[in-house]
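Here we start with a single chain on its own, the form predicted on its own, put down as structure tokens.
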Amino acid sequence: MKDTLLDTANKIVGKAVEAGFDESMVLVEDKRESMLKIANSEPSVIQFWDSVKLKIYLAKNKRIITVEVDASDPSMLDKPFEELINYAGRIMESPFYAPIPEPVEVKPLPELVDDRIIEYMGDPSSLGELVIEAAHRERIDYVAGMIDLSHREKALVTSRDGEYYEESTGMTAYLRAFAGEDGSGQWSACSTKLRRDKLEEMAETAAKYAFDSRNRVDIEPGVYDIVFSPMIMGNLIGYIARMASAFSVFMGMSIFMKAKPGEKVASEKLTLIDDPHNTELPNSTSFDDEGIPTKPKRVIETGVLKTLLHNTKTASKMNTVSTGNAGWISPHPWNLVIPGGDYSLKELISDVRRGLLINNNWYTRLQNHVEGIFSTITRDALFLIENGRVTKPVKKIRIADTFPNLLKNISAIGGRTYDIRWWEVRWPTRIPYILARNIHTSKHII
């Protein structure tokens, strides 16, 4: 498909220039995907998708238009440029305009394609049977979840003669287990490879959380030391990483508006890396949406803000260089990594006099982006910790605090990391268990 995708992108760039645009970029993505859904401990439905998406960037006199279309209908490509060039004359100059970058050499990343994923995409039901069997090694009632396998090819062409191509595969899965009247647990896994071991561990972890969280009791809200699992911290750290986008800072939607690189924003225990070159994580890529080579970068290093995430436009506004994180409009992370620390999970728990161990969360909401005021509802297994021991499962509560308080109160990092991605964790995230002190909670009202 490489030649076909590049040829398609080149033709569209040519049409845009012929219509009168000064600059154009076209990103073509061909993605084949199969999703196995699991319900009531049975493989239930396998869905298949094969889509070709076109993202088109157009610039005329510093006026920017972006378009995204489904390329399954080729006639879509013959219509819009004459209309769009007229429209470009009626819109304002973009305050973020910067010229399309000159093409540069991009070194391909190795091992982004696993042929086993492509093979299993035709029938992933045996993978579903694997996770169902693994989960039922615990005394649970049933499980539900999904396994998604994908094969993606993308091509980027620019009107400055830049041409880039990449092929990759991905596996994303989550499983939720149920036991008794109120026991539930969830875990996730992701990779660019077909990792049966990760799927099996995902199922075992979700099931153990479900079994151990039966017969929950009420707990009073208050201020607790909390051991966050990779599932919940993966969700929260995703919001923080999105705030590290320079565009979020410009738009007044970031806790980093008042901070500059070199300033302390978190506990010295925390390092947060955007790593598009970690070839185990599904968003790994050698180039961004502007053809800039990607690179690993420390967003936060031992508590200090090291860099914001930039495309060429935000970099131009801040007199710096792109970090390889485009997004034509908003820069974004690729894969998030928090390196492991020195503690086992047992040691994290033993360091808590009175606190909580939280498995999962959902419905995270921001009340104030600049101050980082947020709330999120715990989901699935939740346990009270007393004098260094888990003593009882408890009912759900709401965490209501600020991201700056969370970041500054991280006191210990687990040694083992887990690769997490599901609908509440947007970017593939490699992350350990994390202990944070003095986190505020409130009662969850149904």
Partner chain sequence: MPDEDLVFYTLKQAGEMGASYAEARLHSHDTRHILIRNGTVIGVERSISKGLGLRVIVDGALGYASTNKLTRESLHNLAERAIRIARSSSRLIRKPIEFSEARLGRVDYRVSPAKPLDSLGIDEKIKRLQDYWSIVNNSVHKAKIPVFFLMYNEDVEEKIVATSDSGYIHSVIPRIGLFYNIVVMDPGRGSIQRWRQLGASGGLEWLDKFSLEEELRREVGVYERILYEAVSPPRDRVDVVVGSEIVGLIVHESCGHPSEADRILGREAAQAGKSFIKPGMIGERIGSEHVTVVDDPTIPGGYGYYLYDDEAVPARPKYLYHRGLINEHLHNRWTAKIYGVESNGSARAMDYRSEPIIRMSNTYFKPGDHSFEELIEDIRHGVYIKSYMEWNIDDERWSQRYIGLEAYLIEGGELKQLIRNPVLEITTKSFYSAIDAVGKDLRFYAGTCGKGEPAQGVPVWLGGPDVRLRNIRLGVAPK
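Since this is a predicted model, take the numbers as computed values, not measurements. Positions refer to the first chain, counted from 1.
The following text describes the form predicted together with the partner chain, which does not appear among the structures shown.
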property: Region of this chain that lies against the partner chain in the model of the complex, out of 333-341, 81-89, 202-210, 276-284 [heavy atom, 4.5 Å]; result: 81-89
property: Three-residue site 100, 238 and 315 fully in contact with the partner chain in the model of the complex at 4.5 Å by heavy atom; result: no
property: 4.5 Å heavy atom contact, residue 252 to the partner chain in the model of the complex; result: yes
property: Residue contact check: residue 69 to the partner chain in the model of the complex, 4.5 Å heavy atom; result: yes
property: 4.5 Å heavy atom contact, residue 442 and the partner chain in the model of the complex; result: yes
property: Exercise: residue 268 in contact with the partner chain in the model of the complex, heavy atom 4.5 Å; result: no
property: Contacting member of 224, 164, 374, 256, with respect to the partner chain in the model of the complex [4.5 Å, heavy atom]; result: 374
property: Heavy atom within 4.5 Å of the partner chain in the model of the complex - the one residue of 366, 109, 219, 194 that qualifies; result: 366
property: In the model of the complex, residues of 419-437 near the partner chain [heavy atom within 4.5 Å]; result: 422, 423
